[in-house]
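The chain below stands alone and is given as structure tokens, in the form predicted alone.
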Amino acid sequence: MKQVNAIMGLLAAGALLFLLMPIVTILPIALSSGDYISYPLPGLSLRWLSQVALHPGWREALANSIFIALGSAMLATLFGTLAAVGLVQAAPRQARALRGLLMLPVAIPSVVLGLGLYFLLARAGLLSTYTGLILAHATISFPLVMVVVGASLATTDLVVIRAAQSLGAGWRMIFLSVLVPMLYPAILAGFILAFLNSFDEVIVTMFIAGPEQNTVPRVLFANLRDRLDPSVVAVTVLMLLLSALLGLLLQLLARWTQRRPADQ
């Protein structure tokens, strides 16, 4: 048994090392004093991090990314939560079929989804607009919220819904006064996942966005093609830090959710 555990531990350590090595390898390049991406580093400097922080193009892209991610995350959270609640109320066979259909935005290739959204939004006159981008990002993010909130609903005693119905409460009151207070940790976790998913999205964005809707991943992709210098790595490091901070927030939220019944 000890040998099996040792082998499993080695395999887990190897898999973890394989996942972390690309990240660990690029981190020092963000602190390079050279003009190009190269190893060994010619020296250490904060020039590329400060250049990214002060460059108007990167700042505009960051503002666009945050605006689009916040808008799409709010929409995805609303519709994802409503979808999860609706699936709980449906018959099991219908719920399985509907869940499969609603998961399509994350199941089909991003290129196919981006092309479909391109033609749909073009007919609606929303191409190259912030509204179109927010709707497109919400489409690919709301299944994540639906899964997270649905998982929380699966462990929730839904007798409170029937109790509220027996007291004459309508669905609007049940949703706002019963379900949201019970599910808000899962709703907040879904919002964070939707925000991260939108902030990192690039393929669908390239189909929908116009010249004025530059986002951080889109500018990063363009720089990788046209000008490969350590500023690209500096932006990557900053995105990693943002993802790590939000991931830590998710972990703290999960711990707090697990402890909440004990506290009550």
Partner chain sequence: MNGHRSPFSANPLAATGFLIPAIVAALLLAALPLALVLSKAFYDTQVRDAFPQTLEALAGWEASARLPDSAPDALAHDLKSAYADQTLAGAATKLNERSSGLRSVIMGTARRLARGDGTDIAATLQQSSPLWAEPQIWATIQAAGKPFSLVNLGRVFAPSVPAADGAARTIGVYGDMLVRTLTISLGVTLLTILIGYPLAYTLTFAPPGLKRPLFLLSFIPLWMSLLGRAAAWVILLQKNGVVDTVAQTLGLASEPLGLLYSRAGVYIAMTHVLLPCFVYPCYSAMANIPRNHVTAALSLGASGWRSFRIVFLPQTLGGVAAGATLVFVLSMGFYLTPALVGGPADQMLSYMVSEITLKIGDAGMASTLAALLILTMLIGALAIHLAVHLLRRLLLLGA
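Positions refer to the first chain, counted from 1. Everything numeric here is computed off the predicted structure, so don't read it as measured data.
One more form of this protein should be noted, the form predicted in complex with the partner chain, which is absent from this view; the next part is about it.
S.K.: Any chance A97 has a heavy atom within 4.5 Å of the partner chain in the model of the complex?
M.R.: Result no; A97 lies far from the partner chain in the model of the complex.
S.K.: Hey, in the model of the complex, does M239 get a heavy atom within 4.5 angstroms of the partner chain?
M.R.: Within the cut-off, so yes.
S.K.: Within a 4.5 Å heavy atom cut-off, is L253 in contact with the partner chain in the model of the complex?
M.R.: Judged by the heavy-atom cut-off of 4.5 Å, L253 is well away from the partner chain in the model of the complex.
S.K.: Determine whether any heavy atom of F221 comes within 4.5 Å of a heavy atom of the partner chain in the model of the complex, and answer yes or no.
M.R.: So F221 counts as contacting the partner chain.
S.K.: Of I68, I29, A61, V52, which one comes within 4.5 Å of the partner chain in the model of the complex, counting heavy atoms only?
M.R.: Of I68, I29, A61, V52, the residue with a heavy atom within 4.5 Å of the partner chain in the model of the complex is I29.
S.K.: Have a look at M182, L87, M74, A151 for me and say which one sits with a heavy atom within 4.5 Å of the partner chain in the model of the complex.
M.R.: Contact check passes for L87.
S.K.: Is any part of 81-114 within 4.5 angstroms of the partner chain in the model of the complex by a non-hydrogen atom, and which residues would that be?
M.R.: Residues within 4.5 Å: L82, A83, V85, G86, L87, V88, Q89, A90, A91, P92, L98, L101, L102, L104, P105, I108, P109, V111, V112, L113.
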